[in-house]
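As a starting point, one isolated chain is supplied in structure tokens, in the form predicted on its own.
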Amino acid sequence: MIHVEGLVKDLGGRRVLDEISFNAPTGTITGLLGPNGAGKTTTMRILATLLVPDQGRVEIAGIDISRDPIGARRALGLVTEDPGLYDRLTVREQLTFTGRAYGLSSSTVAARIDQLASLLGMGDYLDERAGILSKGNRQKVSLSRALVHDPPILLLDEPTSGLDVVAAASLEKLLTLPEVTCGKTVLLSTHRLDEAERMATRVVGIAGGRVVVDATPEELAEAYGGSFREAFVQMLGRAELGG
């Protein structure tokens, strides 16, 4: 489980997060939704131990990230909008480097790479340099890198942003495969409501640095009437007006 309690973060003289609290249950995909500038990426960076909160507490798989950030990093995989690959290394070399950095043996890494290549459809370019790959295939490599050590927590920060429709649909399909996310706690940050509705079993909506909704898509639609998209937009409008 991911447990977030009372997160506060000021950046550039502005309060980006204002007492953010929510849980992401084990074995589910939780959507972290909100407009640009709502605080989604800041929240994800804190969870990934890339930023230190000014106040609040976060537990990743039972690990307090402030007390044991290294242990928290071992328990999670992170996929961001920018894959951040080493262009001169092959896909296999990148995954080998990552697996060994997590302390896996050479034989375990090799077996894991073969498994991920088959699962994610990377066999045709496993020994190609990352620099020549399409953005969609680069995101597959980024996902496999996040999964190579088989972490219990998966953080997905706008993973389909910038992808064309076909590549985004392909990545989304992979992210919902039981073999990829089974038993894992997945937090998906996105501004694509249709994506969240298809993938997430629960959504946490942020506006103005605060949590304004924490419900299933069905509960939100029922509470506000209409479709999930209409309900979410209506909810954001009320939150911005202070309603």
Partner chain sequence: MVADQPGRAELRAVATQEALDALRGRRQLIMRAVTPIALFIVVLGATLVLRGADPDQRGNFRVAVEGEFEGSRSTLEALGRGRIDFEASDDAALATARGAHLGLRIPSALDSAIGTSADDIGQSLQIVVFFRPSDPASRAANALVRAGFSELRKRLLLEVTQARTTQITLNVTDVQLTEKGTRRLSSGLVPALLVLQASMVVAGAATRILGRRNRGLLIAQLLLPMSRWRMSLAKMLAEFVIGLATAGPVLIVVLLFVAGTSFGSDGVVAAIIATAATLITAAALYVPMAAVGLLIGTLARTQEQVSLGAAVAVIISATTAAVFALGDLPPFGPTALIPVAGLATALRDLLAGQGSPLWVLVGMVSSVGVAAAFTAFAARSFNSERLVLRSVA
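Numbering follows the first chain given and starts at 1. These figures come from a predicted structure and were not determined experimentally.
Keep in mind the form predicted in complex with its partner chain is missing from the figure; the text below concerns it.
Proximity of Leu119 to its partner chain in the predicted complex: non-hydrogen atoms within 4.5 Å are absent; the residue sits far from the partner. Contact annotation for Leu11: at least one heavy atom lies within 4.5 Å of its partner chain in the predicted complex. Contact annotation for Leu171: none of its heavy atoms lies within 4.5 Å of its partner chain in the predicted complex. Within this chain, Leu50 lines the site of its partner chain in the predicted complex, having a heavy atom no more than 4.5 Å away. Only one segment in the set 66-74, 171-179, 213-221, 28-36 has any non-hydrogen atom within 4.5 angstroms of its partner chain in the predicted complex, and it is 66-74.
Taken together, the three residues Asp82, Arg100 and Pro152 all lie with some non-hydrogen atom within 4.5 angstroms of its partner chain in the predicted complex. Of the listed positions (Ala110, Leu104, Ala167, Leu126), a single one reaches within 4.5 angstroms of its partner chain by any non-hydrogen atom in the predicted complex, namely Leu104.
When its partner chain is considered in the predicted complex, only one residue from Arg198, Arg45, Arg57, His191 comes within 4.5 Å through any heavy atom, namely Arg45. Taking its partner chain as it sits in the predicted complex, the stretch 81-97 comes within 4.5 angstroms of it through a non-hydrogen atom at Asp82, Gly84, Leu85, Tyr86, Asp87, Arg88, Leu89, Thr90, Glu93, Gln94, Phe97.
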